[in-house]
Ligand SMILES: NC(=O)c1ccc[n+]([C@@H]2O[C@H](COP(=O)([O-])OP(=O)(O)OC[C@H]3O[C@@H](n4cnc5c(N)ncnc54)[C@H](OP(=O)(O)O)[C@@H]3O)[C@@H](O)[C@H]2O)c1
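For reference, the chain that follows is the form predicted on its own, supplied as structure tokens.
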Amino acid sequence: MPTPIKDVKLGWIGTGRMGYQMAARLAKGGCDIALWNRTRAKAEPLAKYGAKVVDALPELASRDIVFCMVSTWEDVKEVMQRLLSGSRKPKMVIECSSISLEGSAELRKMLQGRGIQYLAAPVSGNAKVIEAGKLTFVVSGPQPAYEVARPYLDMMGVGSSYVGDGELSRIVKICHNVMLGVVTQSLCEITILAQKAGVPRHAFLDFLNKSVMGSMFSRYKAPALVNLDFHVTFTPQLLRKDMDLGLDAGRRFEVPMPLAALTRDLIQQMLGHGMTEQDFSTLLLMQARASGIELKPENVAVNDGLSS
């Protein structure tokens, strides 16, 4: 018989753009959750949903399950070492950041050596996707641990996909984000092609999103491409990191990835032009510049497929 959700004590590390919204869904769902963030002020608003904000990472070590959602492998390693610096330890760690296969394997070895169950559970989505209840997880590790964790993963979105043991979820997430880069570049190319031929961006994307080629992603990105609203959902630097992880995996498994390699270089070119502070969909501006046109917002209301 599953343990009731309220009887399991959860810990949460990292309340950035993603982590904040994920932890909020657990807190709003009635979970007993304690939070830590490097900048405490970013976690404190979650207290209004019943979450407890702690000052030091070792305070989370006595929780049953600890989630981690930070930026890089170096961040993960640092917070895990601090979490386990005392005598206490959680029963399970669920790591949701985008990290390499090697980093995830190192973390698994570290935790198993202390008798802690470990699930690698990277996600697909961003803050707005989480708010809309459409976040998804891909999970690998011991299946009994997954069954224990599954109710909490389900509370944060539309469910999870269990793909096996070890670090298999990491390769799935790397493949996912390589596709994110390649598809975004392709979407920008065809949108600029249509516009230069005389088709307004909103009209082209309206057709595309109603066609068999439309997707949740193309609908979600349409408002940004139409109105040039590039507020950050995922930075170019983070996308470059994931493209590099994908190319590293391609070399490891001897899989040629010519489209990924070219897209990675286009992202690097964008960074070289100083386009670092906005969303990665600014690839559209690079494509327009290369095509000899200047873009202006069309100021058209576009359904992103997530808003109610």
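Quick note: we count residues from 1 along the sequence shown, nothing fancier. The structure displayed is predicted, hence computed values, not measured ones.
The protein also exists as the form predicted together with the ligand; that form is not presented, and the subsequent description refers to it.
Remark: residue 39 counts among the residues lining the ligand in the model of the complex, judged by a heavy atom distance of 4.5 Å or less. By the criterion of a heavy atom within 4.5 Å, residue 147 is excluded from the residues contacting the ligand in the model of the complex. For residue 98, a non-hydrogen atom is located within 4.5 Å of the ligand in the model of the complex, even though that partner is not displayed. The ligand is not shown here, and in the model of the complex it never comes within 4.5 Å of any heavy atom of residue 189. For the candidate spot formed by 16, 234 and 242, every residue has a non-hydrogen atom within 4.5 angstroms of the ligand in the model of the complex.
The candidate stretches are 223-231, 69-77, 192-200, 157-165, and the one lying within 4.5 Å of the ligand in the model of the complex by heavy atoms is 69-77.
Among 185, 209, 117, 126, the residue placing a heavy atom within 4.5 Å of the ligand in the model of the complex is 126. A heavy atom within 4.5 Å of the ligand in the model of the complex is found for exactly one of 216, 111, 172, 238: 238.
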